[in-house]
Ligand SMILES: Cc1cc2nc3c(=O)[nH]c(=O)nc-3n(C[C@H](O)[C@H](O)[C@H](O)COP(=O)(O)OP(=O)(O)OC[C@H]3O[C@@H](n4cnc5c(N)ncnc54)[C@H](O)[C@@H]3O)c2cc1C
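Just one chain is shown here, as structure tokens, and it is the form predicted alone.
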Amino acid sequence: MKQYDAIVIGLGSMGSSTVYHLAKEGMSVLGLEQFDITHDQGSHAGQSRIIRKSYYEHPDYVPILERAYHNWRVLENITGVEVYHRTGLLYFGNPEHQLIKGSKLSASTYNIPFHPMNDEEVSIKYPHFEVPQDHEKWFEPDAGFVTPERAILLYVQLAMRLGADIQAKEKVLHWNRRPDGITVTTDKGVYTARKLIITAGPWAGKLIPTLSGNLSPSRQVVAWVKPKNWKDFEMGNFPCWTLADGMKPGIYYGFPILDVGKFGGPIGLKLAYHYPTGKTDPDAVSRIITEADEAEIRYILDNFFPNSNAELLTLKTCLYTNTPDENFIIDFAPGQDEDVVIAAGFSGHGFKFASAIGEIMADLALKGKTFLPIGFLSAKRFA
């Protein structure tokens, strides 16, 4: 039985980056994934993920975001493949809403380009939006989107080229920490390592019982629609956007139409509602689209794009893994000293960080610390 320096459970958003950064440092690493690489059963599928620096959730995320932007550029330079696309990002919301207040705070704290827009500018540049006049309008020019499936595949391929062992379609049943290391048992074998890194997305709570009470998977729906004026919404003519209307909790967000020849499917204008639903079991989640799911998407179209005459093309489910405060957990597993490292609870806003999270996981496994400021994401805050 081969002894590894590290085993990574879950090769989605964070695990793919982690196996690469571990392999890059010369560690013998095994990556285990219960599904295909990539897949649509968790949190990373769906063609695009917004990336932004004016971070309304917490200004302490910004230094990690700066590193993530840097690492995405490094990945592009190594592979020659574009994964970050700069489209700019519109922000619409009541001035007292956290989307606006928090974004302005992060922008001013870290000197992030973040520009106000008036009603006339919005109506001229983006006439398809119907936004209440009492909403503030802002634009972050350096925001855009990252391609999740492409990024994951690139990281896993690079890790394999550096010698990492990758096992897909292999489900972890349980793991044990013993004085001589970590033992991981799957449905196909038993593996040992000095370090264990758990980046299992919605399944993290099942693998880390001490944190399961603070990790709540929820079923989410994302839609692609066909607007009447298709070209007006294509990439190059239309930015990414986010909007808080104050009538419902959470925010709405979307992307330009992407060329399926370059980005793959689904086809159409992508949009969704960012707000966690009730807790679900990732092994038993319903993937059937309901009338309520369609009504939620129709609400966005009817209220904010009333003249687009958009038709629903595709609706898909994905999973969030929510913490009580919607901030990540990046730490050593409680009660496991420094042998088990965890990255979990990304609450629907994590993928943009993946390039930096992998580096952080490697730092924690190798050195027991990281130069990036992750103290506010400690698991101890829920003790």
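Start at 1 with the first residue shown and count on from there. All values reported here derive from a predicted model rather than from experimental measurement.
Heads up, the form predicted in complex with this ligand isn't pictured, but that's what we're talking about next.
Across the proposed site, K101, W138 and F263 without exception lack any heavy atom within 4.5 Å of this ligand in the predicted complex. Residues placing heavy atoms within 4.5 Å of this ligand in the predicted complex fall in a single listed stretch, namely 249-257, out of 249-257, 118-126, 80-88, 303-311. Although the partner is absent here, L22 is not a contact residue: none of its heavy atoms lies within 4.5 angstroms of this ligand in the predicted complex.
This ligand in the predicted complex comes within 4.5 Å of no heavy atom belonging to S54. Contact between Y191 and this ligand in the predicted complex is not found at the 4.5 Å heavy atom cutoff.
At a distance threshold of 4.5 angstroms between non-hydrogen atoms, T199 is in contact with this ligand in the predicted complex. Note on the partner interface in the predicted complex: the residue among V340, L319, M27, I64 having a heavy atom within 4.5 angstroms of this ligand is L319. Contact with this ligand in the predicted complex, defined as a heavy atom within 4.5 Å, holds for exactly one of A107, V222, L162, L154, namely V222.
Of all the residues from 153-172, those having a non-hydrogen atom no more than 4.5 Å from this ligand in the predicted complex are E170, K171, V172.
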